[in-house]
Structures are given as structure tokens and as C-alpha cells.
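The chain below stands alone and is given in C-alpha cells; this is the form predicted on its own.
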């Protein structure tokens, strides 16, 4: 099986796919594609929406993180990162959607773009209104995630690490790149959970790669 991921690890969706591949113990390469500005016409041939990641799988191109993870779960079922069909699988799908819609779109992405991407790579100041809106939304999102992580529960679905956990872990890396923290006094379960996720060998290897990409420009590594 030959795997190549087209994208940049600074994207949480690229990071999620790479974490999935790492958890499966598979070999892969990364072809760097940075989705800033107008997409390269050649890249649009393999990613019609101009988004990353694209999984190159034995010479074929799949331009979506969730679809790519679904394919790899079918091709390499052990270790399982999707629950068996039924309630748990459906709940994992819901959590992935919630994390993408609420945590990513309304909290992490605005903070990451305004507080890391714009000042670091675009030489522009953060938009205070956008930052304020994200900060205002954060307690609602974190409160919900806290309820999903009752004390002693290692993962969102209990004892099994799933795609939902890799999604959360990947998004929170960018949240930390933005210079943000999780208030452990207010959200103790969520704080402990993210620490555990990022201590997994898959995330440790990814973060080592990211450290080489951005160094101390990121508060995460400063």
C-alpha cells in the first residue's frame, strides 16, 4: 500500500488524516501543499474544491479527510478506529460533525487565523471582533465537550480511541498554536483528555514534524 498525503500539517484535517495513518502503523509520505491564495491549477485536478488533504492511495486521489479515513479503516481494520455499526458509530459521526462545526469553525479556526496565521505569515494584526466572537463561543463548546468526558473516561466513546478523538486532538493543536489554553479548573476532564491525546505516539511524531515547520513562531513550541 502506497500512501501520500497532499497538504500541510498545520491544517487540522491533514493532521487528523496523518494521525489516523500513524495509529494504523502505516508508512506514508507528505507532499506539501499550503492552501493559501488561489489554488494551483494542477492541484485542482486532484482536489476540485482546492482543499487539503488529498490522500493518494495506490495512485488514486481521494480529496477529503473523512473519506480517506473511512477508506483506510476498511483497508486496514486493525486497530479499529471506527466503532462497530450501531449507536456508537452513529455517535462518533455526530461528534466528528460537532467538532468540525462548533470547535473548529466557531472557535479554533478564527483564533488560529487571527492570532497565528495572520501575524506570522500575512504580517497583519488580528481582528479584535473576530477574536471576541470566538472567545464568546468557547465556553458553550467546551462545556459540551466536558460533559462527554465524564471522570475516568479516556476517550469520547469510552475505552476505544476513534476518529472523533483524533479529530479533537488535531483541532486542539491549532488552538494551542493560537496561543490559547484550556482552563483546567473550569474544564478538568477536557484538559486532561487533550493532554492524553497529545501524549500518544501518533501525535508526538506529528508534533515533532510541526516543530520543524514552525519552530518557536508558535506559542506551542515557544
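Positions refer to the first chain, counted from 1. The structure displayed is predicted, hence computed values, not measured ones.
Omitted from view is the form predicted in complex with a small molecule, to which the following refers.
Here the chain stands alone, but in the model of the complex its contact with the small molecule, taken as any heavy atom within 4.5 Å, falls in 63-71 among 190-198, 63-71, 177-185, 151-159. Although the partner is absent here, residue 48 is not a contact residue: none of its heavy atoms lies within 4.5 angstroms of the small molecule in the model of the complex. Though the partner is left out of this view, residue 173 does not reach within 4.5 Å of the small molecule in the model of the complex, counting heavy atoms only. Within 4.5 Å of any heavy atom of the small molecule in the model of the complex lies no heavy atom of residue 202. Taking the partner from elsewhere, residue 168 is found to have every heavy atom lying beyond 4.5 Å of the small molecule in the model of the complex.
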